[in-house]
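Below, in structure tokens: the form predicted on its own, a single chain.
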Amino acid sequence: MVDNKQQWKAWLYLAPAIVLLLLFTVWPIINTVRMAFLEGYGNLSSLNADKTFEFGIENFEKVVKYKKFTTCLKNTCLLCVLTVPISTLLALVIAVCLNSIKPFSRLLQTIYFLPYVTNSIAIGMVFASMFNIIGGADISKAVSIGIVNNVIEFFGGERIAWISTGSSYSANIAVMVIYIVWNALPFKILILLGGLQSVNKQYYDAAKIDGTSKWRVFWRITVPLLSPMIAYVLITGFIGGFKEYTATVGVFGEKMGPADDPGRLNTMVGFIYKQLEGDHQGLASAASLILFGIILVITLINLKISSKKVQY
């Protein structure tokens, strides 16, 4: 037990971290809640000393009634529902394969981890060049159709307008799903691979002696023993999915959609940034609290469901 006379030293060592935490974490949260309930609040309007702001829920009403807000919410929810299960399942399969491969296992793990340490905007620009058609709306006269369409045509298919002018919403979403899944795999593979390497090998030895098939071993041994890691990956995946923004900017740029329909792929975080750029801090704060509430509800539901499925 620490001597009471020496506790001041511990507080002295912790003081810089506590001060930084209060300044850059606690206070911004408190200020966001305050601004969300100040009607008509903005940085420019707050400079007027004679102007007073009333407390109310007007900002929340404006955000919910705003037409583009429903588009952003729909895009965010759709991307979460599509990308989180797909990326988790793929990460689980890849982690199991990497754990089984002995030759070049370190090299393969490094290759799969590279996207995690690469700038997201840069990766998005590469994906945009892979899918983009350059040369006008008539894709039959395009100068460049992108490497993805080249592969499709090589196998006898027809080129598709993925993200260029005239592209469909489903094609845009398909590109976003591919990019987000690819970008999310490294972290999930790392977590699941670490869990696999900590599993007691006696379970697999016993299954091998009994002649159990690999498929049954996967579902009856691997998945149950990895359930805590899978639950963690799912929860963090949904939290990260609802905060998605860099993927859309990386692929579509600031227009957040094809040239003929800007804003089509905007997300909740993108909506908040747009309000900040327009000096609508009150609306941005209200939207942030709405997003926080959605993430909180989804997280609590995931925790409730996973608590019944997770095996320790």
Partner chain sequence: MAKKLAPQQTLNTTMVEKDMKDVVSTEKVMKVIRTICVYLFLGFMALIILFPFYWMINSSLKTLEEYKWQVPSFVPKTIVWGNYKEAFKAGNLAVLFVNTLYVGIVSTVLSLVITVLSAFAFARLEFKGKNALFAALLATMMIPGELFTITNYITVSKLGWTTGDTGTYAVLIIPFLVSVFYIYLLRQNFLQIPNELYLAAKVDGTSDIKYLWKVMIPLSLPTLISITILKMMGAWNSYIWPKLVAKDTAHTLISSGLRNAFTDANNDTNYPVQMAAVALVSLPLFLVFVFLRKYIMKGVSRSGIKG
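If you superpose the two forms and keep the largest set of C-alpha atoms that fall within 1.5 Å, you have the rigid core. Residue numbers count along the first chain shown, from 1. No experiment lies behind these values; they were computed from the predicted model shown.
Beyond what is shown, the protein has a form predicted in complex with its partner chain; the following relates to that form.
Asks: Quick one: does Gly250 come within 4.5 Å of its partner chain in the model of the complex, counting heavy atoms only?
Replies: Judged by the heavy-atom cut-off of 4.5 Å, Gly250 is in contact with its partner chain in the model of the complex.
Asks: Test of understanding: in the model of the complex, would Leu90 fall inside 4.5 Å of its partner chain by heavy atoms?
Replies: Yes, Leu90 sits close enough to its partner chain in the model of the complex that at least one of its heavy atoms falls within 4.5 Å.
Asks: May I ask you to check whether Leu20 falls inside a 4.5 Å heavy atom distance of its partner chain in the model of the complex?
Replies: Heavy-atom contact with its partner chain at 4.5 Å: present for Leu20.
Asks: Though only this chain appears here, would Phe127 touch its partner chain in the model of the complex if you measure heavy atom gaps against 4.5 Å?
Replies: Because a heavy atom of Phe127 falls inside 4.5 Å of its partner chain in the model of the complex, the answer is yes.
Asks: On the criterion of a non-hydrogen atom at 4.5 angstroms or closer, are Leu38, Phe69 and Thr222 all touching its partner chain in the model of the complex?
Replies: No, the candidate spot makes no contact with its partner chain.
Asks: Could you check which residue among Ile191, Val217, Ala171, Val177 gets a heavy atom within 4.5 Å of its partner chain in the model of the complex?
Replies: Of Ile191, Val217, Ala171, Val177, the residue with a heavy atom within 4.5 Å of its partner chain in the model of the complex is Ile191.
Asks: Report the stretch among 223 to 231, 74 to 82, 199 to 207, 107 to 115 that approaches its partner chain in the model of the complex to within 4.5 Å, counting heavy atoms only.
Replies: So the stretch in question is 107 to 115.
Asks: Of 174 to 206, which residues get within 4.5 Å of its partner chain in the model of the complex if you count heavy atoms?
Replies: Counting only heavy atoms within 4.5 Å of its partner chain in the model of the complex, the contacting residues of 174 to 206 are Trp182, Asn183, Leu185, Phe187, Leu190, Ile191.
Asks: So with the core overlaid, does the Cα of Ala259 end up 2 Å or more away between the shown form and the other one?
Replies: Moves: no, less than 2 Å.
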